[in-house]
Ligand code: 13P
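Only one chain is shown below, in structure tokens, and it's the form predicted alone.
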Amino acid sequence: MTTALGTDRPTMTSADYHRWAAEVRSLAEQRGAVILAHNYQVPEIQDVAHFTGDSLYLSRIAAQTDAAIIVFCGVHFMAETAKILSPDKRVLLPDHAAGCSLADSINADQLRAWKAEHPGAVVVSYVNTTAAVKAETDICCTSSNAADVVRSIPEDTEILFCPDQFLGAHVKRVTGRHNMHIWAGECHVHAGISPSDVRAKVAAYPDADILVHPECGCTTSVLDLISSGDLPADRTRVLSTGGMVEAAATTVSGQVLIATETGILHQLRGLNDRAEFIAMNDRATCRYMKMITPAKLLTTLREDTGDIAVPADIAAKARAAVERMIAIGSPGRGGE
């Protein structure tokens, strides 16, 4: 087994991994900490975590657990969301530089200016946003419940949807909502999964099931190909990462093409060894997610560092936006 332990990327042997994992779990127990890992984390961190899933699922686990310390192996906005929902707990992020191109595509000042241009509009923000943006939001959404959130808003009310343009376009399409304005943001990894990737992989694996994340730049093309009969409608689904996990566990297909960040393949393969899970684009890797290395996780636990802080006034407003979403319906594991 090999992995990146630090910036010089040394090799971790199987024996090294077991020693590392044992120390991580021991320190977590000593500190009363629970380790949460996003689906896109490196395999070693997914394997040592107490819970693995999408960011909102993990944040809700953080709120429900009795642990006083949450070690969040993900990116910065995810740890912020956990802190928003667990204000009385410490939330530690092993590398505060682990950002998100999608969350960074809109800030609170930009959202305030956009709101000023559309007085009376309801702001719907994807959970993949900073705490400051959530605080300027009326209601949050996940990729699995975004359409339901939009449908819950009176039809004659304008909607400002941010920050993901591909998810927004997908929701606008499935809801038929015409008074919905969409921010031009994107996840650089998902945006890079192109229609040409889909065509090439479908040609190479013509009998495979196809699972596509709605943040992908290829989503519209995939739906157009389904409409034209060039992709099998019965074997093609647009799903959140949580939805992909659920689908992978029960699929009877021999091959499944996965259009999202490649880190999820480790979990899918562990859930179902009867199917071959294949990346739609092998280069779809988030460098921010991979900044949380085994070495940094161990350092966080050894040194008790990495605290995430969200100002109380921002946290309160952001929490209200998340709770309004949850009141519409539980996203379960099917978050972002």
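Computed from a predicted structure; not experimentally measured. All residue numbers refer to positions in the sequence shown, first residue = 1.
Heads up, the form predicted together with the named molecule isn't pictured, but that's what we're talking about next.
Going by a heavy atom distance of 4.5 Å, is residue 170 a contact of the named molecule in the predicted bound form?
-> Taking the distances in the predicted bound form, the answer for residue 170 is no, it never comes within 4.5 Å of the named molecule.
Could you tell me if residue 281 has a non-hydrogen atom within 4.5 Å of the named molecule in the predicted bound form?
-> Close contact is absent here: in the predicted bound form, residue 281 is far from the named molecule, nothing within 4.5 Å, heavy atoms only.
4.5 Å heavy atom contact, residue 92 and the named molecule in the predicted bound form = Contact with the named molecule, no.
If you check in the predicted bound form, is residue 136 within 4.5 Å of the named molecule, heavy atoms only?
-> Residue-level check for residue 136: no, no contact with the named molecule.
Here the chain is shown alone; which of 162, 146, 212, 78 has a heavy atom within 4.5 Å of the named molecule in the predicted bound form?
-> Result of the distance check: 78.
Thinking of the named molecule in the predicted bound form, which stretch from 248 to 256, 192 to 200, 172 to 180, 234 to 242 has heavy atoms inside 4.5 Å of it?
-> It is 234 to 242 that comes within 4.5 Å of the partner.
Could you run down 276 to 305 and flag each residue that has a heavy atom within 4.5 Å of the named molecule in the predicted bound form?
-> The stretch 276 to 305, when checked against the named molecule in the predicted bound form, contributes only 289 at the 4.5 Å heavy-atom cut-off.
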